[in-house]
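Shown here is one chain on its own, the form predicted on its own, set out as structure tokens.
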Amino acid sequence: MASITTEEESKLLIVLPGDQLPESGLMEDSSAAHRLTLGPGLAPMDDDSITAVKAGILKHNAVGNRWWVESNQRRYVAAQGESIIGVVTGKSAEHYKVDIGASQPALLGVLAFEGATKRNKPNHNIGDLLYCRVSMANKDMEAELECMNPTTGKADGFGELKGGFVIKISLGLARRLLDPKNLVLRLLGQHIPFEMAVGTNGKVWVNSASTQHTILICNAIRNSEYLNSGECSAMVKSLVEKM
């Protein structure tokens, strides 16, 4: 098993299953190196090393010192801390069953909402669209969800998504849309006011003042997947001019 050597000037690091990631490469450029968070595609080994378990591009987010492997796999695999969009498919006295596009439904406790108590809890119906956070993920169990920030206990944007339109995109594009510097979203925001929620499970909810604007935004997002910055700017300009 060959180890990966990291270079400071390299921005694109491709990993394969079984590649061992050097500790120096994971800990650099982080002020909280001792609090390492592993996302999808990476797994800790018994010898305290970290190994890639799927092929893709190694990614890093300085917030929380989070590392993961980005790839365009077809089926979503839940990972703790990720934000997802799901549809309620069942309900009981203690929890909702939510379809998140994984191999099995996830569980959302009826008290996993801001301010929820046994006497005062939200009442969602089958078919409702929810923006949730994965609170627990295990390959041998159903994922557990929550609709609040575990640190503050506030909703912070999580909860039911009303109105709007949902599209399905690749998992890789969904993660790129979560980047605050994402070009296509910044360009669209210069012309059209809109709301959007992005799930790392490949679902995007878009809401705007008109159906025409919503369709334009959805088309622009889908078209941007394989475009460079120049092509992306031209594509958005062309769509806006046709409004």
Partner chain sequence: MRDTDPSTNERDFLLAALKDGARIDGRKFYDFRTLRLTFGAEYGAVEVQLGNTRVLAKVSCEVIRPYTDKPTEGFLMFNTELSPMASAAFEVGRQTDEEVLVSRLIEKAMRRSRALDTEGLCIVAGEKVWSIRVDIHFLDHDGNLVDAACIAAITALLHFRRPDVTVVGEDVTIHTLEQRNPVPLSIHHIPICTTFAFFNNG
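Numbering follows the first chain given and starts at 1. Since we're looking at a predicted model, the values are computed, not measured.
Keep in mind the form predicted together with the partner chain is missing from the figure; the text below concerns it.
Stretch 214-222 is the contacting one of 214-222, 60-68, 187-195, 42-50, since its residues have non-hydrogen atoms within 4.5 Å of the partner chain in the predicted complex.
Contact with the partner chain in the predicted complex, defined as a heavy atom within 4.5 Å, is made by none of Gln80, Lys97 and Leu171.
Under a 4.5 angstroms non-hydrogen atom cutoff, the partner chain in the predicted complex has Asp128 among its neighbouring residues. Although the partner is absent here, Gly159 is not a contact residue: none of its heavy atoms lies within 4.5 angstroms of the partner chain in the predicted complex. At a distance threshold of 4.5 angstroms between non-hydrogen atoms, Gly164 is in contact with the partner chain in the predicted complex. Using a 4.5 angstroms limit between non-hydrogen atoms, Ala102 touches the partner chain in the predicted complex. Among the residues Val87, Ala155, Met136, Leu111, the one placing a heavy atom within 4.5 Å of the partner chain in the predicted complex is Val87.
Residues Arg74, Arg75 are the ones in 65-81 with at least one heavy atom within 4.5 Å of the partner chain in the predicted complex, listed in sequence order.
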